[in-house]
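Just one chain is shown here, as structure tokens, and it is the form predicted on its own.
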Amino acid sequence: MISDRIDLSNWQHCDILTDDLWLFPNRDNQGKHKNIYHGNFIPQIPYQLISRYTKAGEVVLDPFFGSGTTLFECEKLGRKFIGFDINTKMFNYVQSRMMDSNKNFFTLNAFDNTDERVKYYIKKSLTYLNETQVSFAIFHPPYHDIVQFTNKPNDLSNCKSVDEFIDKFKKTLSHSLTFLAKNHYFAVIIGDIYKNSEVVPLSFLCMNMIKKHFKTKLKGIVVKNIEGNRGKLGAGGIWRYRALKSDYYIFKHEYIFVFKKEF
């Protein structure tokens, strides 16, 4: 039961958000968090999701761990962690940030999550953690080719088309969700893109792919915005000027899709 993970006797003072609009004035930069990686998400997102959908000691899987945001929240909240990333530079960075931490609660893997062999490494990681299943999975893939993270051909940020991106992301999901316990939850954090003078609803295309190919229930569509997004503020409001001069709206939000696995 999801309610078993929350102390409902003290529900009025619970800091878990239940509305589908998350507005944050700024990024949480406490503890190990540093905003050094273009494309990482704010710590408040994994904090909210992990707090709501897991209990202390359960395993969180993050196939795109990036600069370690989810890992650092798992350490703070007392959850176990399995992470993968194709970017070896970030793998080395996150390892260095965890040098003084207890090594018994997490595993990090520099590996391509679209490769079916990733299932071997997930199983190996679960064995290391003395577990058999994942309790929650969080997916924060590149938003297609907006930012190129590596030169590796299987990096999702190097996909030549949106269709290729969705197909590769489907492989990531298939490999990872094999290990998520039935009736447990996973979240996809993603935004839309702008190509050929129009919005491409990448987030909803991914959501539709998940509903089409995986037996799930869509439990929430959360819209998240952070006012302190430095990429959208700009000196003198240059982004606002450009938008007024043209015919588009400025992207300031991302979507968080929460699914319940039923297979």
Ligand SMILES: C[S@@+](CC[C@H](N)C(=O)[O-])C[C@H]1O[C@@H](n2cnc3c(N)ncnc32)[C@H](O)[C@@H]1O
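So that there is no doubt, residue numbering starts at 1 and follows the sequence shown. Just so it is clear, the structure is predicted and the values come from calculations on it, not from any experiment.
We do not show the form predicted together with the named molecule, though everything after this point is about it.
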Looking at 135 to 143, 99 to 107, 121 to 129, 173 to 181, which stretch has residues with any non-hydrogen atom within 4.5 Å of the named molecule in the model of the complex? 135 to 143
Using heavy atoms and a 4.5 Å limit, would one call Asp155 a contact residue for the named molecule in the model of the complex? yes
Does the named molecule get within 4.5 angstroms of any non-hydrogen atom of Ser67 in the model of the complex? yes
Do Tyr47 and the named molecule share at least one heavy atom pair within 4.5 Å in the model of the complex? no
Classify Asn40 as contacting or not contacting the named molecule in the model of the complex by the rule of any non-hydrogen atom within 4.5 angstroms, answering yes or no. yes
Quick one: name the residues from 101 to 120 with any non-hydrogen atom within 4.5 angstroms of the named molecule in the model of the complex. Phe111, Asp112, Asn113, Thr114
